[in-house]
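Single chain ahead, written as structure tokens, the form predicted on its own.
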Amino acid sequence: MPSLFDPYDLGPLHLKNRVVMAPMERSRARNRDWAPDADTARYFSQRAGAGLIVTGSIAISPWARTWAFEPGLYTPTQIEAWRHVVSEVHDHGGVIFGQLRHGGRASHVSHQPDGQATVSSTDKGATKAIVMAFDEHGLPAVLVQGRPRALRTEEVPKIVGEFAQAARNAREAGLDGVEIHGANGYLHDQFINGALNTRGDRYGGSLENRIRFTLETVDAVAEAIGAARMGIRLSPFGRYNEMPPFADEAETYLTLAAELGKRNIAYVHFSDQTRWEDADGVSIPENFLRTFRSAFRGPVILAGGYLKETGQAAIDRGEADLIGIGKPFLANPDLVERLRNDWPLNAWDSKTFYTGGPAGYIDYPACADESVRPQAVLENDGV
């Protein structure tokens, strides 16, 4: 059986191990250009021991913005800023993909140009789901997502084009590839979901229509930068951002998996929400992961509360090729070496997840520092 620490060839890219730093929003683009800064370059380069880094979500356009202080990839200034990030990661031997996102309704009017409404497959908004946005005084605040308007049919191809352009921008910046964020209740998920998407046009109704927007995006990005340089994140049976269950959920995702398999994309990144701390009511049918993988027939990244033992077990069961790890990477820049050597883990500070500055971002110690090895590090009680 392959080990979590064995190298892996992901298309044209050689990964030093099978550990993926999962995408996590950090709200560090605190400048008027919504661009990553020197701290972000250091943050990712510190974690270049991962086989693959997937950045936190990146807005593909001004109206795609989802979370306060989220970086973008749609202006020359942003492209240049990402070039500096990538350069540092590459200098440290890392491989990095940019995660491209349009939040759809999982956003807030304060993020939208000219205060316009957010958009979705529908005009139905969430009732309790929250987002980090800006209050009436322009200050960052956790607010309930606003009610969206349904996208007009002719607007959907425009967004497809924005994803393709963002992918080209990513490659111009030197990113090794991109991941389309089709999971966790963001725009593509809002079209896929058969209970939420009640459209009567070519993007709604039937299973084939509901996955059309996602496949059009995949095709456009593949044409722009090559299928081997793109992956997609999906969350079958996920309920984050108030995504409701729907009758043909399994069939929808298995059909989508087969279609993605025909396109020979780099990978599918499966977000397993059953392992989240707040996973009440979330369940995935038995053997669905294996069935999904059989339908896709390409590399699968599995993320959602996995660490060394659980990640290795998932590989051994044939459920995944690579394992995405999230929060432990925040506090442990040298996480792969800690896991390999069974060194204890630093505890993360949740108060600094979305704050500005270096604290809780680039100041966690590594075990390579003799002054902190390993007696001065703390064991985490969760993942």
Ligand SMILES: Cc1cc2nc3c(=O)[nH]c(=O)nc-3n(C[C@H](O)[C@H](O)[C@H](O)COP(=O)(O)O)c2cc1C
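Predicted model only: the values in this text are computed from it and were never measured. Numbering starts at 1 and follows the sequence shown.
Below: the form predicted together with the ligand, not depicted.
In summary, the region of this chain contacting the ligand in the predicted bound form, judged by heavy atoms within 4.5 Å and restricted to 179-187, 282-290, 195-203, 156-164, corresponds to 179-187. At the 4.5 Å threshold, heavy atoms of residue 22 reach the ligand in the predicted bound form. Residue contact check for residue 47: none of its heavy atoms lie within 4.5 Å of the ligand in the predicted bound form. Proximity of residue 325 to the ligand in the predicted bound form falls within the 4.5 Å heavy atom cutoff. Under a 4.5 angstroms non-hydrogen atom cutoff, the ligand in the predicted bound form lacks residue 346 among its neighbouring residues.
In terms of contact with the ligand in the predicted bound form, the residue from 99, 252, 312, 122 that brings a heavy atom within 4.5 Å is 99. The partner is absent here, but in the predicted bound form a heavy atom of 271, alone among 217, 118, 169, 271, sits within 4.5 Å of the ligand.
Taken together, the three residues 57, 305 and 353 all lie with some non-hydrogen atom within 4.5 angstroms of the ligand in the predicted bound form.
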